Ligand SMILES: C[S@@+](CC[C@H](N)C(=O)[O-])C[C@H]1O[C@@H](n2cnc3c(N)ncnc32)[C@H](O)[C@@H]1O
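Single chain ahead, by itself, as structure tokens, in the form predicted on its own.
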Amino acid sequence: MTELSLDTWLNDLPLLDFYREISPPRRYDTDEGAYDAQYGIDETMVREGLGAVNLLRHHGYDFRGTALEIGCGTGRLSLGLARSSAFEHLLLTDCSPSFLKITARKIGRVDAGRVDYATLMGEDLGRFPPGSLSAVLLNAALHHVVDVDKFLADISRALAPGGFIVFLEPCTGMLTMGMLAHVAVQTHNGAMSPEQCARFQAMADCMTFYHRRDIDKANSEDKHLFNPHEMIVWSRRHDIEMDFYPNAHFAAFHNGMIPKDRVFNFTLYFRNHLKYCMNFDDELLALYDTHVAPFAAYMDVAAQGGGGPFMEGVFIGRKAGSPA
């Protein structure tokens, strides 16, 4: 399919306000307007998008055609992608129109080339014309999809030969945080109130839920922790050769360097997850510092010189074939 065929397809979709409707609009589970405050996101954060651009460039992407971002949220990745002015065409999508409006406001009048918006659920990716995309990007969105194998198949179908997929996702190493939170409840419940114990146990239970593969997760927002090996196997099944950068964010690539092997601070990572993802207040974080951090520090010592558990990472894959 040519770029014109994608344009024709998009133009035939319903136009609501400023965005096309690929999937019916759906609100996020929590208040979209409070999302940035919860996760500490502001309009100066362009390093992640610029990092994704550098990573794609390093792997040989030529920035022609349409690059699709799935689950753009409030633009944490999108803003840098747009401000790089590297892409011929960016299509930014999310299931929430409110998120699209926030992202569009942030991008504003930046000279970013052509940027379009659409509502899209990951499960509807198969609606795209075959071979119509040159790249697909996701920032911590794939773990919301129930059937990841089918999703990768749909991406492969939508990508042109030689096209790229790049995404950041949580990995199975995060289960170590759940284990330590559970241990803290079992060994320090006398030093914590029942309510505080319940918060630490809830965090442990979340990690267990994400890790398990034997329960129905269709109605939950977050669903998975990924094993990098299985992601590589799944991708190869759909003609995508995958590479993996462990414990790296997109922002790590913003200056053009590729941190293939890097030491990260597990203790701080755990603390930040509690603060930003689990909404732990200062009192709960102080309990973490006292009762959990000394044990988490074992990971930091063991990881010296490289390595450590894979908490998350950046995946980048290229579909077989040569670009047209």
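The first residue of the sequence shown is number 1, and the count goes up from there. Please read these numbers as outputs of a predicted model, since none were measured by experiment.
One more form of this protein should be noted, the form predicted together with this ligand, which is absent from this view; the next part is about it.
- Residues of just one listed stretch (175-183, 196-204, 89-97, 235-243) have heavy atoms within 4.5 Å of this ligand in the model of the complex: 89-97.
- Interface membership of residue 139, defined by any non-hydrogen atom within 4.5 Å of this ligand in the model of the complex, is confirmed.
- Contact check for residue 120: a heavy atom falls within 4.5 Å of this ligand in the model of the complex.
- This ligand in the model of the complex comes within 4.5 Å of a heavy atom belonging to residue 26.
- This ligand in the model of the complex comes within 4.5 Å of a heavy atom belonging to residue 221.
- 144 is the sole member of 101, 144, 150, 254 with a non-hydrogen atom within 4.5 Å of this ligand in the model of the complex.
- The contact residue chosen from 280, 264, 35, 63 relative to this ligand in the model of the complex is 35, the criterion being a non-hydrogen atom within 4.5 angstroms.
- Within 4.5 angstroms of this ligand in the model of the complex, the stretch 62-84 places a non-hydrogen atom from each of 69, 70, 71, 72, 73, 76, taken in sequence order.
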